[in-house]
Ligand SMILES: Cc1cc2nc3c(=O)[nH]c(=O)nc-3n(C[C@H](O)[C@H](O)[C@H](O)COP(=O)(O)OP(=O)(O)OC[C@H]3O[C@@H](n4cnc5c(N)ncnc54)[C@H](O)[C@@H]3O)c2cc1C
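Heads up, the chain below is alone and in the form predicted alone; it's given as C-alpha cells.
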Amino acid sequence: MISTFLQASSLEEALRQKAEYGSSSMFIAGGTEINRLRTSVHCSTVISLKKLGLNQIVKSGTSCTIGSCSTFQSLVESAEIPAYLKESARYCGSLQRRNMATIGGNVVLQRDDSYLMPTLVAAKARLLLANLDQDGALCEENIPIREYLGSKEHFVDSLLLAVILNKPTRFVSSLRFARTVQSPAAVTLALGADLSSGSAHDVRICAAVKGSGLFRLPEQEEAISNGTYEALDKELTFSIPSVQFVDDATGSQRYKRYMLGTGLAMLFRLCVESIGKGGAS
C-alpha cells in the first residue's frame, strides 16, 4: 500500500530519495502497474519522475533516443520511431493505457507478458542509466539491453533515463499471441538480425512467456546465424534448463511451446524475405 508520494525535481533528488527509502520505494512514471489490480509491485513509497523531462524522443543522425517516460502512444505517433517499435506499442490495445504506460516502466518491470522488451532486445537497444557515485554526484552508464535483461538485480537502484536505438537498418519483427487484444499474452516473440552481408547474422531472439518470464533463445540465435536453422512448423524443445512452461488462463504448456515454435518459424521466413531489401522491418 502506498503511504508516501514524493515529487523529485531533479535526477539527483530522485536518486537520493531512492537511496533513502530503499527497497520499499519505486520510481513512478505512468503508474499503470503500481495501480493495477493484483499487481506484482509492492511498495510504500513512490517517487514521481513527472517533472524530470524524461519524455522526449530525439533523433540524432542514425540514433533515436527515447526518454524513459515516453508513453506508448507517443511512440505510436512519433515520426522518429521505427515501425517495428510502433507495432509493439500497439500490442497494448487500450488507448487509455497507451496514454499512461511508459517505455521505461515496461523495460524496468520485465513482465512475462511484456509488450516491448522482446522487440527492444531483438533490436539490440541500449539503455542509459543514472546513479549517484560515492561522492553523491550524478553518473550515467550506457549499457546493452541484454546486460539489463541478464542482471536485473544489479540495476535495481538505477534510474532508467532513456532507451537508445542506434541500428536503423537492422531487421526486427515481433508477434504476440493472446486470446484478445485486451488479454495478457501467452507468448510475445521478437527476432532481430543484421542482413547487410546477404544472410542473417548478429541474431537476437527474445520471448516473453506468461508464467515463465523473459528470456533469449541462444541456441536458435546461433542456428540462424550459422545457417543451420530449419523453419519447421512444429513444437520446439528448448534446451534452457531455467525455463519452465506452465498451464494458466492464457494457455497450456503445450500451446505455449507450439506458439513459440510456429512464431519463430514465421519470423524467420520474414527475415529471409527481407534480405536484400535493406532497412528495419
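None of these values were measured; they are calculated from a predicted model. All residue numbers refer to positions in the sequence shown, first residue = 1.
Quick note: we don't show the form predicted together with this ligand, though the next part is all about it.
Trainee: Looking at this ligand in the predicted bound form, do all three of Ser78, Leu85 and Lys124 come within 4.5 Å of it through at least one heavy atom?
Mentor: Heavy-atom distance to this ligand in the predicted bound form: none of the three under 4.5 Å.
Trainee: May I ask you to check whether Asp194 falls inside a 4.5 Å heavy atom distance of this ligand in the predicted bound form?
Mentor: Result no; Asp194 lies far from this ligand in the predicted bound form.
Trainee: Taking this ligand as it sits in the predicted bound form, is Arg170 in contact with it (heavy atom to heavy atom, 4.5 Å or less)?
Mentor: Residue-level check for Arg170: no, no contact with this ligand.
Trainee: Please run the contact check for Glu33 against this ligand in the predicted bound form: heavy atoms, 4.5 angstroms, yes or no?
Mentor: Glu33 belongs to the contact set for this ligand.
Trainee: Using a 4.5 Å heavy atom cut-off, state whether Ser158 contacts this ligand in the predicted bound form.
Mentor: Answer yes; at least one heavy atom of Ser158 falls within 4.5 Å of this ligand in the predicted bound form.
Trainee: In the predicted bound form, which of the listed residues (Ile28, Ile224, Ile66, Leu217) lies with a heavy atom within 4.5 Å of this ligand?
Mentor: By the 4.5 Å heavy-atom cutoff, the listed residue in contact is Ile28.
Trainee: For 89-125: residues with a non-hydrogen atom within 4.5 angstroms of this ligand in the predicted bound form?
Mentor: Residues within 4.5 Å: Arg97, Met100, Ala101, Thr102, Gly104, Gly105, Asn106, Val108, Leu109, Arg111, Asp113, Ser114, Tyr115.
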